[in-house]
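Have a look below at one chain only, the form predicted on its own, in structure tokens format.
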């Protein structure tokens, strides 16, 4: 499964990309607002740091305006993926983007029926928001499973990008459910490395090694 970072913090991204485990980046208007920076500049910097897909979201709600904004965003770099909302207008824009060869990430998906429409429109990625579904008493992973079954039934090329992920357990469950990608906050990415038994085991190994008085170098 591909791992994307959901961030506009260039410094954090640069640090975590050095692991070689970051496959792409997603952004949204809320993250851009928190950064206090110019959106186009931020996206350009991020695209210079990672070779994988970088999702940049349109702000318009009408299809023609989404197309204009999306074309401008796609012109920043070849790895920009235009992010559009899962609305009627958004899917109309998605279909046109597909004809133009512009990659898209259809976001704010909360049902399998919505995901089916996005795939029919030619979306490159679909972003089901599993955490928000959990917040409202549903099981977000059930949605991933349903989308996976539908896409496999009809050989849709659209990739499932699990979004609104809150924990390493969410990442694991999304992988088991068949998500192609998962976008996660930097803090959750760092938590993936951790387990208390790993820490204890390493501490014991280092203590035993120190007792030998040896040095590998």
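In this text, all values refer to a predicted model and were calculated from it rather than measured experimentally. Residue numbers count along the first chain shown, from 1.
Below, we refer to the form predicted in complex with a small molecule, which is not included among the displayed structures.
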Spell out, yes or no, whether the shortest heavy atom distance between residue 160 and the small molecule in the predicted complex is within 4.5 Å. no
Examine residue 148 and determine whether its closest non-hydrogen atom to the small molecule in the predicted complex is within 4.5 angstroms. no
Quick one: does residue 120 come within 4.5 Å of the small molecule in the predicted complex, counting heavy atoms only? no
Hey, in the predicted complex, does residue 28 get a heavy atom within 4.5 angstroms of the small molecule? yes
Within 4.5 Å of the small molecule in the predicted complex, heavy atom basis, the matching stretch of 58-66, 187-195, 163-171, 39-47 is 163-171
